[in-house]
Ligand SMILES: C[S@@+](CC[C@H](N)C(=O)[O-])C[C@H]1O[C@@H](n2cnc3c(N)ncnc32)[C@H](O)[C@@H]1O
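The chain that follows stands alone, in the form predicted alone, written as structure tokens.
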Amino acid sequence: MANKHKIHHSGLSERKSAVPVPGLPARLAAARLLSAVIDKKTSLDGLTDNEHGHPQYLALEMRDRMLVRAILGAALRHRADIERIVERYLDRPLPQNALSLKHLLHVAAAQVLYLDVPDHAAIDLAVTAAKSDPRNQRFSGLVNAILRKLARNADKERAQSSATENIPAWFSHMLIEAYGREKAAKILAAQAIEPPIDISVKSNPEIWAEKLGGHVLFNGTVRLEHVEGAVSDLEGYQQGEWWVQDVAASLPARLLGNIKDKAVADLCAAPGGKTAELAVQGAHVTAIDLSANRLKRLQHNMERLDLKVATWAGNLKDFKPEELFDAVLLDAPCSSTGTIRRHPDILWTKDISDVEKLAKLQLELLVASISLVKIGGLIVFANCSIARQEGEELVDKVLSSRNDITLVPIRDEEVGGRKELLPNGVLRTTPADLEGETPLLSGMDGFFAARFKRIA
């Protein structure tokens, strides 16, 4: 197990502030948000949105918000390990209704095991948090004892952790069935590592890699191993020179060929990473999304990047353009199981029924998208799932039921010469792909893409 992740943190040693106990509001917020994810299956992205997130999160300063996100990332990424450790340290099981106490212990254990928060700060703040909650006051001594024992044995516990066991059963079964045990184990190991930040640049990736201390990947994406502070504070962000986007997510928009001056629809477009890719290539882009609010955010992103696109808000099935498009990109809503290394809450908020439900929706959206493109035009279907039900199996279904489209195999030169990403002419990436010199320079999100041509 790697050393603790370095973060900016608020602890007891900080100077006095307006709050009675420095660092306590961040820990209380982390426990509350963990409860929302685990008990109510709420998306962590929504809870930690800097404009519309949970009120307890929004009440924090940006530095403490970053701490909360780091704590929750560690607590969710290593949830099963933390669960086993805490249970082993208990003399008797916690009461079944002691959910808030359990979340408090998980938040503290995540700091002790996986973050560079001083042990005394994590433990003392957890005890203080227990004492401040009438439900947990009587357990404050237990909290102290468990966490101090954990701190003494942290190195041993980290060494015994297992990425292959640190997931719910539904996900393990899905992975093994789809990829076999060996590849599944590699995917799980990659998911257990907090990923780097990838950015797509308008031009000159080598120059921006040098400016930001990054590395240029096979397709021109710039990878940053470490970012101190907010990404938006980095050079070039406010000037609209680049946007954050995983290397795998940047690939589908490049599969439409030469789209300069062509009319292209980006379906289910928000937040706009692929929209930007299409616009930078010179296309006349219409971004379509069900959510008007998400489209407003997309438009804001395009304004920062100084890119002009048209937008349309509403149900894709109701969209009737005056003229058909030369090409369409459909990045369909999916289970997002390819992004678990960035969004570990997905493991605990979704299950196989979500995969099956979303695969059905994707098929409906793909069929609807066919009618938007001219005969001879291209359709790229993509999503960030590693479930074959949302990829290869879906392609087989649409091709067996339609005679107005044909599969156009993706060529290896279109994805930087990486033939291993192109089984049977479709694009399939997983977190275990893209080996680099270090773990942080390795890996990519799981993505699927297939390209079709309308022929009737």
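Numbering starts at 1 and follows the sequence shown. Just so we're clear, the structure is a prediction, and the values are computed from it rather than from any experiment.
One more form of this protein should be noted, the form predicted together with the named molecule, which is absent from this view; the next part is about it.
Site accessibility, open: after C-alpha superposition of the site, the named molecule as positioned in the predicted bound form shows no atom within 2.4 Å of the backbone or C-beta atoms of the displayed chain. With a 4.5 Å cutoff on heavy atoms, residue 294 counts as touching the named molecule in the predicted bound form.
Within 4.5 Å of any heavy atom of the named molecule in the predicted bound form lies no heavy atom of residue 352. Though the partner is left out of this view, residue 289 does reach within 4.5 Å of the named molecule in the predicted bound form, counting heavy atoms only. In the predicted bound form, at least one heavy atom of residue 273 sits within 4.5 Å of the named molecule. Stretch 313-321 is the contacting one of 113-121, 179-187, 313-321, 231-239, since its residues have non-hydrogen atoms within 4.5 Å of the named molecule in the predicted bound form.
A single residue from the set 95, 213, 257, 333 has any heavy atom within 4.5 angstroms of the named molecule in the predicted bound form; that residue is 333. The contact residue chosen from 74, 268, 126, 359 relative to the named molecule in the predicted bound form is 268, the criterion being a non-hydrogen atom within 4.5 angstroms. In the predicted bound form, just one residue of 347-368 lies within 4.5 Å of the named molecule by at least one heavy atom: 365.
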